[in-house]
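First, one chain by itself: the form predicted alone, in structure tokens.
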């Protein structure tokens, strides 16, 4: 099942003096139970694609067909420092006015399932960066999205924590049978987490290449140890450099 169909989409931004074309007839799909990463040179419009899918901005041309409920996970965990972890996790239920018994129990079940229940009464500044990212993900999952939009969700973490959290997030996405579209600058991260990567050119941005990975059920850490990993890295690196 197609969750997102990005069909011949172009996006330009205008000011008093000029028009800047960022995306030029971009087409791709994201399927159910699939993790897809978007890679490309800085400033090529990766985050613009997420903003278009989330209807924060509208395309200049083309159409975006969305057949799912979306969740958004940002670069920062964006936890509210004055709210406990439990109240951060359930804030979406407050906003959508869905604090039913079933919804609250679902939130508590996720907290138990992914080992943050014991931190319910803690505040964000009392948790490590990795735990905060896990709380941020659970907060998103509480609203039962089909597709998560991930905007460089690990970029603020140190390298060692990033590796641990990548395994953590990958495991949760697979167990909960969620799809994800992730923007990242990190080639290794894209290979470790994704089923498929979309490589963009520089502006005005087109799709240079799509690569589907053949890893099976390996975790991100196991993928990094695979002989295939360096081969995929070299292919993507060369493609991005050719795109500049």
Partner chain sequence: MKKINSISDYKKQIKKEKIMITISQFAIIGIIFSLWELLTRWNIINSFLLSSPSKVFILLSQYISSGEIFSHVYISTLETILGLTISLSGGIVIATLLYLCPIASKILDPYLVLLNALPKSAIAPILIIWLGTGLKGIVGVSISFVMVITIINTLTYFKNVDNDLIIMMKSMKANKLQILFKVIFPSNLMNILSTIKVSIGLSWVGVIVGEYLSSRQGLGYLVMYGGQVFKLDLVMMGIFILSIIAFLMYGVVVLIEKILKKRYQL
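Residue numbers count along the first chain shown, from 1. None of these values were measured; they are calculated from a predicted model.
Although not depicted, the form predicted together with the partner chain is the subject of the following passage.
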{"query": "Contact assignment for the partner chain in the predicted complex, among 60, 54, 67, 27, heavy atom within 4.5 Å", "finding": "54"}
{"query": "Residue (of 167, 126, 105, 118) lying close to the partner chain in the predicted complex, criterion heavy atoms within 4.5 Å", "finding": "126"}
{"query": "Triplet 177, 222 and 225 all within 4.5 Å of the partner chain in the predicted complex via a heavy atom", "finding": "no"}
{"query": "Non-hydrogen atom contact residue 130 with the partner chain in the predicted complex at 4.5 angstroms", "finding": "no"}
{"query": "is_contact(residue 82, the partner chain) in the predicted complex, heavy atom dist at most 4.5 Å", "finding": "yes"}
{"query": "In the predicted complex, residue 76 touching the partner chain (heavy atom, 4.5 Å)", "finding": "yes"}
{"query": "Residue contact check: residue 163 to the partner chain in the predicted complex, 4.5 Å heavy atom", "finding": "no"}
